[in-house]
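Next up: just one chain, as structure tokens, the form predicted on its own.
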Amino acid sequence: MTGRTDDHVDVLVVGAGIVGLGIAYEAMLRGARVAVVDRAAGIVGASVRNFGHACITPQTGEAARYAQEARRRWTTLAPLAGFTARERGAHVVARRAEELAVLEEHRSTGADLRLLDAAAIADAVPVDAATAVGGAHLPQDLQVDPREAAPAIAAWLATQGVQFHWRTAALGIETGAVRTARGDLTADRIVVCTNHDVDQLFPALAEAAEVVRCRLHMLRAAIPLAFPLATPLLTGWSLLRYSGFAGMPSAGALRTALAEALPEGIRWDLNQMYTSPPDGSVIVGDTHEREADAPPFQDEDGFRLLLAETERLFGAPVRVLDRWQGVYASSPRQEFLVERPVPGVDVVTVTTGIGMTTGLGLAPFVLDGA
């Protein structure tokens, strides 16, 4: 690679997803000259293919720390970049005693969670009242429109002096320089935030952490709800996914009960949850399949499962508006891959499905690293 160039920057970010944008924002706040490189013409990856739910309450450990920092940044950036961040919390609907037990245990740990009886949850979210036995409100959670938020942040950062090199693939990285399809770029510090494509630039790191691609069935639908869905909505299946819930003593009994009631849910590793964008449609998801690659072919059974369970929950027909395959990095070993493979180069990837929850919050901790 060549040496220092005229457009040399202090911090060069590879990848314009929510993690990379968070790094760029933090570096800018610290007075750095910042550039971002992305191989696409815009943001098309996991940062726009999700629910837009910052699921703060059930995180534990370092994820909880990153989530709280991310929440502060979401609420700061929303008015600056011109997107909406709904600070209405989220709800969990419980449809069996085992789900209520997990929620009660989680509250007993001191979590910021308010339990609701069957009548209260039916008043809060437009579910079929006959199916609900109770639920909870998670006041710290917030929601953005996933198709709006990250692109708005990128556009705003560009007005603040951050350089964006779109349609510019990073081909190789070493201390001080990134070789791209358009020539070399140089920087004092390089932060690689390429999500599941970490294996394209640093395969040894990805293999050591057992990073694979997790594929999701997701769709957006028109549903004649009894009243608008004003907050993200989690179900009992969600209680098996997030560490604060999944670590409760009753989680094992819940998994057994759900597996007996809906074996397909286990087969598809279901996380039945919903958000409603500003247009009133409903984002529906999701399933999980993990492989080294992400084949484009999706079994229709996964979509049929989502549709059937959605109609059962809301007691209303579902009309699909669009459907897509979500893809994110997944590791059985850790929730975050943060490594420095060579001096001056950091690799940062959220290796579970909490990128929108934690991604913005990683930045200060990464940049504070030696």
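Start at 1 and count along the sequence shown; that's the residue number. Here the structure is a predicted model, which is why all the values come from computation and not from measurement.
The form predicted in complex with a small molecule is left out here; the points below concern that form.
Undergrad: Three residues, Pro58, Ala206 and Gln272; all within 4.5 Å of the small molecule in the predicted complex via heavy atoms?
TA: No: none of Pro58, Ala206 and Gln272 comes within 4.5 Å of the small molecule in the predicted complex.
Undergrad: I need the one stretch from 151 to 159, 246 to 254, 194 to 202, 109 to 117 whose residues put non-hydrogen atoms within 4.5 angstroms of the small molecule in the predicted complex.
TA: So the stretch in question is 194 to 202.
Undergrad: Using the partner position in the predicted complex, report whether Gly52 sits within 4.5 Å of the small molecule, counting heavy atoms only.
TA: Output for Gly52 is yes: heavy atoms within 4.5 Å of the small molecule.
Undergrad: Do Tyr66 and the small molecule come within 4.5 Å of each other in the predicted complex, heavy atoms counted?
TA: Judged by the heavy-atom cut-off of 4.5 Å, Tyr66 is well away from the small molecule in the predicted complex.
Undergrad: Taking the shortest heavy atom distance, is Arg33 within 4.5 Å of the small molecule in the predicted complex?
TA: Result no; Arg33 lies far from the small molecule in the predicted complex.
Undergrad: Heavy atom to heavy atom, is Ser281 within 4.5 Å of the small molecule in the predicted complex?
TA: Outside the cut-off, so no.
Undergrad: Find the only residue in Leu138, Leu258, Ala170, Leu103 having a heavy atom within 4.5 Å of the small molecule in the predicted complex.
TA: The residue in contact is Ala170.
Undergrad: Given that the small molecule is left out here, which of Ile223, Leu229, Met218, Ala177 has a heavy atom within 4.5 Å of it in the predicted complex?
TA: In short, Met218.
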